[in-house]
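Consider the single chain below, provided in C-alpha coordinates and representing the form predicted alone.
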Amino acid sequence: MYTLPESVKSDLRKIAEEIDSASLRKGYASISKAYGSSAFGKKMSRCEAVAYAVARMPATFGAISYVINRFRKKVPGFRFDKVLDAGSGTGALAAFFISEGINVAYTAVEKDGNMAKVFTQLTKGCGFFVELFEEDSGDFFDKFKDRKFGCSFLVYSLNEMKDKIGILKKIFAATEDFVFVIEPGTPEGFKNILSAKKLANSEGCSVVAPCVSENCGLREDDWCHFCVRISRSEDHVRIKNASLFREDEKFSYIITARNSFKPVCGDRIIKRPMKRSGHIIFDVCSENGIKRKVLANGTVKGKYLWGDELERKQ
(Lines give C-alpha, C1' and ligand atoms only; values in the text may rest on other atoms or scores of the structure.)
Protein backbone atom coordinates (compact mmCIF):
# COMPACT_ATOMS: atom_id res chain seq x y z
CA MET A 1 0.00 0.00 0.00
CA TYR A 2 1.42 3.38 -1.02
CA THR A 3 1.26 6.54 1.07
CA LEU A 4 2.60 10.06 0.59
CA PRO A 5 5.87 10.89 2.39
CA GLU A 6 5.40 12.28 5.91
CA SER A 7 6.74 15.74 5.04
CA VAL A 8 4.22 16.14 2.22
CA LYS A 9 1.35 14.76 4.31
CA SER A 10 2.20 17.19 7.10
CA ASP A 11 2.30 20.21 4.78
CA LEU A 12 -0.89 19.10 3.03
CA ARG A 13 -2.65 18.75 6.38
CA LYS A 14 -1.66 22.32 7.32
CA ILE A 15 -2.93 23.66 3.99
CA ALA A 16 -6.21 21.78 4.33
CA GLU A 17 -6.74 23.16 7.85
CA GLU A 18 -6.93 26.67 6.37
CA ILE A 19 -10.25 25.76 4.70
CA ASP A 20 -13.32 24.45 6.49
CA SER A 21 -14.39 20.85 5.79
CA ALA A 22 -17.70 21.79 4.19
CA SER A 23 -15.96 24.00 1.63
CA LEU A 24 -13.39 21.30 0.87
CA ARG A 25 -16.15 18.73 0.29
CA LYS A 26 -17.90 21.20 -1.99
CA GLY A 27 -14.65 21.86 -3.85
CA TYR A 28 -14.05 18.13 -4.28
CA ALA A 29 -17.61 17.60 -5.52
CA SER A 30 -17.02 20.30 -8.15
CA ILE A 31 -13.78 18.82 -9.50
CA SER A 32 -15.12 15.27 -9.24
CA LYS A 33 -18.05 16.16 -11.47
CA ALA A 34 -15.72 17.68 -14.08
CA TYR A 35 -12.99 15.02 -13.80
CA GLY A 36 -12.35 13.23 -17.07
CA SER A 37 -14.07 15.91 -19.18
CA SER A 38 -12.80 19.03 -20.93
CA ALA A 39 -14.31 21.06 -18.08
CA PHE A 40 -11.67 19.67 -15.73
CA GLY A 41 -8.96 21.71 -17.44
CA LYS A 42 -10.61 25.00 -16.50
CA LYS A 43 -9.10 27.30 -13.88
CA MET A 44 -9.46 26.05 -10.30
CA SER A 45 -10.20 28.08 -7.20
CA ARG A 46 -7.87 27.86 -4.20
CA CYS A 47 -10.39 25.62 -2.44
CA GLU A 48 -10.67 23.28 -5.45
CA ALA A 49 -6.88 23.04 -5.81
CA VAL A 50 -6.48 22.08 -2.15
CA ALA A 51 -9.39 19.64 -2.40
CA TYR A 52 -7.72 18.09 -5.43
CA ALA A 53 -4.44 17.69 -3.53
CA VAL A 54 -6.20 16.02 -0.58
CA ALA A 55 -8.46 13.74 -2.61
CA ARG A 56 -6.50 12.92 -5.76
CA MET A 57 -2.80 13.43 -5.05
CA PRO A 58 -2.44 10.21 -2.96
CA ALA A 59 -3.89 8.10 -5.79
CA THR A 60 -1.71 9.80 -8.40
CA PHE A 61 1.32 9.25 -6.15
CA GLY A 62 0.40 5.56 -5.87
CA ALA A 63 0.16 5.09 -9.63
CA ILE A 64 3.49 6.89 -10.14
CA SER A 65 5.18 4.78 -7.46
CA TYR A 66 3.91 1.57 -9.03
CA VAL A 67 5.11 2.51 -12.52
CA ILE A 68 8.54 3.87 -11.55
CA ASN A 69 9.34 1.08 -9.09
CA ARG A 70 8.66 -1.56 -11.74
CA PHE A 71 10.72 0.42 -14.24
CA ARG A 72 13.66 0.57 -11.83
CA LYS A 73 13.55 -3.21 -11.36
CA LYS A 74 13.91 -3.60 -15.13
CA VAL A 75 16.63 -0.94 -15.36
CA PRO A 76 18.71 -1.39 -12.19
CA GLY A 77 21.08 1.46 -11.41
CA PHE A 78 19.18 3.94 -13.58
CA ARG A 79 19.61 7.53 -12.41
CA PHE A 80 16.93 10.13 -12.98
CA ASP A 81 18.35 13.42 -14.21
CA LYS A 82 16.80 16.43 -15.95
CA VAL A 83 13.20 15.44 -15.26
CA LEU A 84 10.26 17.19 -16.93
CA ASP A 85 6.83 17.04 -15.29
CA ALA A 86 4.37 18.37 -17.89
CA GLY A 87 1.08 19.22 -16.18
CA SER A 88 2.54 18.75 -12.70
CA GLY A 89 -0.66 19.46 -10.76
CA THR A 90 0.03 19.70 -7.04
CA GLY A 91 3.28 17.71 -7.18
CA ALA A 92 2.59 13.96 -6.96
CA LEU A 93 5.67 13.14 -9.06
CA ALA A 94 7.86 15.40 -6.94
CA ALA A 95 6.44 13.63 -3.87
CA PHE A 96 7.72 10.34 -5.26
CA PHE A 97 11.28 11.66 -5.55
CA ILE A 98 10.97 13.11 -2.03
CA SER A 99 9.81 9.74 -0.67
CA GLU A 100 12.74 7.94 -2.31
CA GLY A 101 15.34 10.57 -1.45
CA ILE A 102 16.25 10.90 -5.13
CA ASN A 103 18.12 14.07 -6.09
CA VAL A 104 16.98 15.32 -9.50
CA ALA A 105 17.00 18.46 -11.61
CA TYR A 106 13.24 18.90 -11.79
CA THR A 107 11.29 21.09 -14.22
CA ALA A 108 7.55 21.37 -13.58
CA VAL A 109 5.01 22.97 -15.90
CA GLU A 110 1.54 23.76 -14.55
CA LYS A 111 -0.81 26.28 -16.13
CA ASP A 112 -3.26 26.63 -13.23
CA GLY A 113 -2.10 29.27 -10.77
CA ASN A 114 -3.75 27.79 -7.68
CA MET A 115 -2.49 24.29 -8.47
CA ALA A 116 1.01 25.74 -8.96
CA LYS A 117 0.77 27.52 -5.59
CA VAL A 118 -0.10 24.26 -3.80
CA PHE A 119 2.75 22.55 -5.68
CA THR A 120 5.19 25.17 -4.37
CA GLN A 121 3.92 24.79 -0.80
CA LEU A 122 4.24 20.99 -0.87
CA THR A 123 7.72 20.88 -2.44
CA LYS A 124 9.43 23.78 -0.65
CA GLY A 125 11.66 21.47 1.42
CA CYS A 126 12.11 18.73 -1.16
CA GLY A 127 15.92 18.74 -1.11
CA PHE A 128 16.42 19.00 -4.86
CA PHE A 129 16.31 21.80 -7.43
CA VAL A 130 12.80 22.59 -8.68
CA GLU A 131 12.05 25.00 -11.51
CA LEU A 132 8.32 25.70 -11.88
CA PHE A 133 6.78 27.33 -14.96
CA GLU A 134 3.22 28.55 -14.56
CA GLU A 135 2.04 28.18 -18.14
CA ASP A 136 0.50 25.85 -20.69
CA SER A 137 2.72 22.91 -21.67
CA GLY A 138 2.41 23.71 -25.37
CA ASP A 139 3.51 27.30 -24.78
CA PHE A 140 6.41 26.08 -22.65
CA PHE A 141 7.76 23.89 -25.47
CA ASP A 142 7.35 26.68 -28.00
CA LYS A 143 9.27 29.05 -25.73
CA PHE A 144 12.10 26.65 -24.85
CA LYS A 145 12.60 24.71 -28.06
CA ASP A 146 16.23 23.87 -27.33
CA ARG A 147 15.64 22.39 -23.86
CA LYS A 148 16.29 18.67 -23.53
CA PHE A 149 15.30 16.32 -20.74
CA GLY A 150 16.45 12.87 -19.72
CA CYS A 151 13.00 11.70 -18.62
CA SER A 152 9.64 13.33 -19.27
CA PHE A 153 6.38 12.60 -17.49
CA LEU A 154 2.77 13.21 -18.51
CA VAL A 155 0.83 12.06 -15.44
CA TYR A 156 -2.95 12.33 -15.53
CA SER A 157 -2.56 15.42 -17.68
CA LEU A 158 -2.80 14.27 -21.30
CA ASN A 159 -6.55 13.70 -20.84
CA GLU A 160 -6.95 17.42 -20.05
CA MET A 161 -5.05 18.68 -23.11
CA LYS A 162 -6.84 19.71 -26.29
CA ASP A 163 -3.99 19.06 -28.72
CA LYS A 164 -2.90 15.69 -27.36
CA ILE A 165 -0.88 14.59 -30.41
CA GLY A 166 0.81 17.99 -30.63
CA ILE A 167 1.91 17.83 -26.98
CA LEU A 168 3.12 14.25 -27.36
CA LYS A 169 5.22 15.18 -30.39
CA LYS A 170 6.84 18.02 -28.45
CA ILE A 171 7.48 15.73 -25.48
CA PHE A 172 9.17 13.09 -27.65
CA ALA A 173 11.26 15.74 -29.44
CA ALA A 174 12.46 17.20 -26.12
CA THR A 175 13.28 13.87 -24.42
CA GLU A 176 16.60 12.11 -24.81
CA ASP A 177 15.82 8.90 -22.94
CA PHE A 178 12.47 7.84 -21.45
CA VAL A 179 8.90 9.16 -21.67
CA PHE A 180 6.36 8.08 -19.03
CA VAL A 181 2.65 8.57 -19.77
CA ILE A 182 0.13 7.65 -17.07
CA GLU A 183 -3.61 8.08 -17.59
CA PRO A 184 -6.80 7.20 -15.70
CA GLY A 185 -7.68 3.51 -16.06
CA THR A 186 -10.71 4.18 -18.24
CA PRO A 187 -11.50 3.42 -21.89
CA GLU A 188 -10.75 7.06 -22.75
CA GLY A 189 -7.50 7.02 -20.77
CA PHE A 190 -6.41 3.85 -22.55
CA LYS A 191 -7.14 5.45 -25.94
CA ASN A 192 -4.68 8.18 -25.00
CA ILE A 193 -2.10 5.52 -24.12
CA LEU A 194 -2.59 3.82 -27.50
CA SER A 195 -2.13 7.20 -29.22
CA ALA A 196 1.14 7.69 -27.31
CA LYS A 197 2.27 4.19 -28.29
CA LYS A 198 1.48 4.72 -31.96
CA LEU A 199 3.29 8.06 -32.01
CA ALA A 200 6.29 6.60 -30.18
CA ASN A 201 6.64 3.94 -32.86
CA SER A 202 6.50 6.59 -35.61
CA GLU A 203 9.14 8.64 -33.74
CA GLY A 204 11.54 5.71 -33.65
CA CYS A 205 11.07 5.02 -29.95
CA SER A 206 10.69 1.58 -28.43
CA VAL A 207 8.06 0.62 -25.85
CA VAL A 208 9.66 -0.41 -22.56
CA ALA A 209 6.53 -1.29 -20.57
CA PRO A 210 3.93 -2.58 -20.01
CA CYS A 211 3.29 -3.81 -23.56
CA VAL A 212 5.00 -7.02 -24.63
CA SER A 213 3.57 -7.13 -28.17
CA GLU A 214 4.09 -4.34 -30.69
CA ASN A 215 0.40 -4.15 -31.59
CA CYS A 216 -2.42 -4.20 -29.06
CA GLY A 217 -4.65 -7.23 -29.52
CA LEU A 218 -7.44 -6.23 -27.15
CA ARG A 219 -11.00 -6.03 -28.43
CA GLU A 220 -12.26 -2.54 -29.21
CA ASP A 221 -14.63 -2.66 -26.22
CA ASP A 222 -11.83 -3.62 -23.82
CA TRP A 223 -8.96 -1.65 -22.29
CA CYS A 224 -5.70 -2.41 -20.51
CA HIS A 225 -5.28 -0.97 -17.05
CA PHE A 226 -3.69 -1.78 -13.72
CA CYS A 227 -4.54 -1.22 -10.06
CA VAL A 228 -2.72 -0.03 -6.95
CA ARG A 229 -3.98 0.22 -3.37
CA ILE A 230 -3.35 3.48 -1.53
CA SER A 231 -4.02 4.66 2.02
CA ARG A 232 -6.37 7.54 2.84
CA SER A 233 -5.68 10.18 5.46
CA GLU A 234 -8.44 11.38 7.79
CA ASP A 235 -8.85 14.49 5.62
CA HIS A 236 -9.06 12.23 2.55
CA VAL A 237 -11.81 10.12 4.15
CA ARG A 238 -13.68 13.20 5.30
CA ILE A 239 -13.57 15.04 1.98
CA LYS A 240 -14.95 12.00 0.11
CA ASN A 241 -17.47 11.06 2.80
CA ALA A 242 -15.82 7.63 2.66
CA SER A 243 -15.83 4.84 5.23
CA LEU A 244 -12.54 3.06 4.42
CA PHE A 245 -9.00 4.27 5.02
CA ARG A 246 -7.85 2.80 1.71
CA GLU A 247 -8.87 2.88 -1.94
CA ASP A 248 -7.91 1.18 -5.19
CA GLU A 249 -6.66 3.39 -8.02
CA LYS A 250 -6.93 2.09 -11.59
CA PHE A 251 -4.66 3.52 -14.28
CA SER A 252 -3.16 2.86 -17.71
CA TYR A 253 0.43 3.66 -18.63
CA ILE A 254 3.23 3.37 -21.13
CA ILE A 255 7.00 3.93 -20.94
CA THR A 256 8.95 4.56 -24.14
CA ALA A 257 12.68 4.81 -24.82
CA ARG A 258 14.39 7.09 -27.33
CA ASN A 259 17.33 4.69 -27.71
CA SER A 260 17.22 1.05 -28.73
CA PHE A 261 16.84 -0.08 -25.11
CA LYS A 262 14.47 -3.01 -24.81
CA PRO A 263 14.25 -4.99 -21.56
CA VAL A 264 13.58 -8.72 -21.58
CA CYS A 265 9.92 -9.11 -20.64
CA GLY A 266 7.85 -12.12 -19.81
CA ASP A 267 4.15 -12.37 -20.54
CA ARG A 268 2.36 -9.51 -18.73
CA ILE A 269 -0.77 -10.39 -16.72
CA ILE A 270 -3.41 -7.90 -17.80
CA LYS A 271 -6.43 -9.12 -15.83
CA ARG A 272 -6.97 -10.42 -12.33
CA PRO A 273 -5.82 -14.08 -12.27
CA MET A 274 -8.78 -16.45 -11.94
CA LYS A 275 -8.15 -19.23 -9.43
CA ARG A 276 -9.94 -22.50 -10.02
CA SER A 277 -9.73 -25.93 -8.47
CA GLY A 278 -6.29 -27.24 -9.41
CA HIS A 279 -5.34 -24.46 -11.83
CA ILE A 280 -5.10 -20.70 -12.41
CA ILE A 281 -6.28 -18.81 -15.52
CA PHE A 282 -4.10 -15.93 -16.71
CA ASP A 283 -4.95 -13.41 -19.44
CA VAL A 284 -1.58 -12.13 -20.67
CA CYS A 285 -0.03 -9.74 -23.16
CA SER A 286 2.60 -11.79 -25.01
CA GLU A 287 4.89 -11.34 -28.00
CA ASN A 288 2.16 -13.04 -30.01
CA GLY A 289 -0.64 -10.83 -28.76
CA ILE A 290 -3.29 -11.35 -26.09
CA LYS A 291 -3.39 -14.94 -24.88
CA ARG A 292 -5.19 -16.94 -22.19
CA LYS A 293 -3.00 -19.38 -20.28
CA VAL A 294 -4.27 -22.10 -17.97
CA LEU A 295 -1.55 -23.35 -15.61
CA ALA A 296 -1.77 -26.08 -13.02
CA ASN A 297 -1.20 -25.12 -9.39
CA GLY A 298 2.47 -25.45 -8.49
CA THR A 299 3.77 -24.76 -12.00
CA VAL A 300 4.17 -21.00 -11.53
CA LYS A 301 6.80 -19.25 -9.43
CA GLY A 302 5.35 -17.51 -6.40
CA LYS A 303 2.11 -15.56 -6.09
CA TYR A 304 1.09 -13.63 -9.19
CA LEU A 305 -0.94 -10.45 -9.28
CA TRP A 306 -2.52 -8.33 -11.98
CA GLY A 307 0.30 -6.45 -13.75
CA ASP A 308 3.07 -8.95 -12.96
CA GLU A 309 5.21 -10.75 -15.51
CA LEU A 310 4.40 -14.44 -15.63
CA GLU A 311 7.27 -16.83 -15.09
CA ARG A 312 6.94 -20.59 -14.98
CA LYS A 313 9.03 -22.83 -12.75
CA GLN A 314 11.97 -24.32 -14.60
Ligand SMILES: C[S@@+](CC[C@H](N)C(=O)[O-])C[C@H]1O[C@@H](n2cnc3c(N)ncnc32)[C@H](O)[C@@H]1O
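This one's a predicted model, so the numbers in the text were calculated from it and none came from an experiment. Residues carry their position along the shown sequence, with the first being 1.
Below: the form predicted in complex with the named molecule, not depicted.
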Tell me which of 153-161, 189-197, 236-244, 207-215 has residues with heavy atoms within 4.5 angstroms of the named molecule in the model of the complex? 153-161
Please identify the residue among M115, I171, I230, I98 with any heavy atom within 4.5 Å of the named molecule in the model of the complex. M115
Residue among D222, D136, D177, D81 with a heavy atom within 4.5 Å of the named molecule in the model of the complex: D136
Taking the shortest heavy atom distance, is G87 within 4.5 Å of the named molecule in the model of the complex? yes
Report whether the minimum heavy atom distance between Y66 and the named molecule in the model of the complex is within 4.5 Å. no
Exercise: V109 in contact with the named molecule in the model of the complex, heavy atom 4.5 Å: yes
Does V181 reach the named molecule in the model of the complex, with heavy atoms at most 4.5 Å apart? no
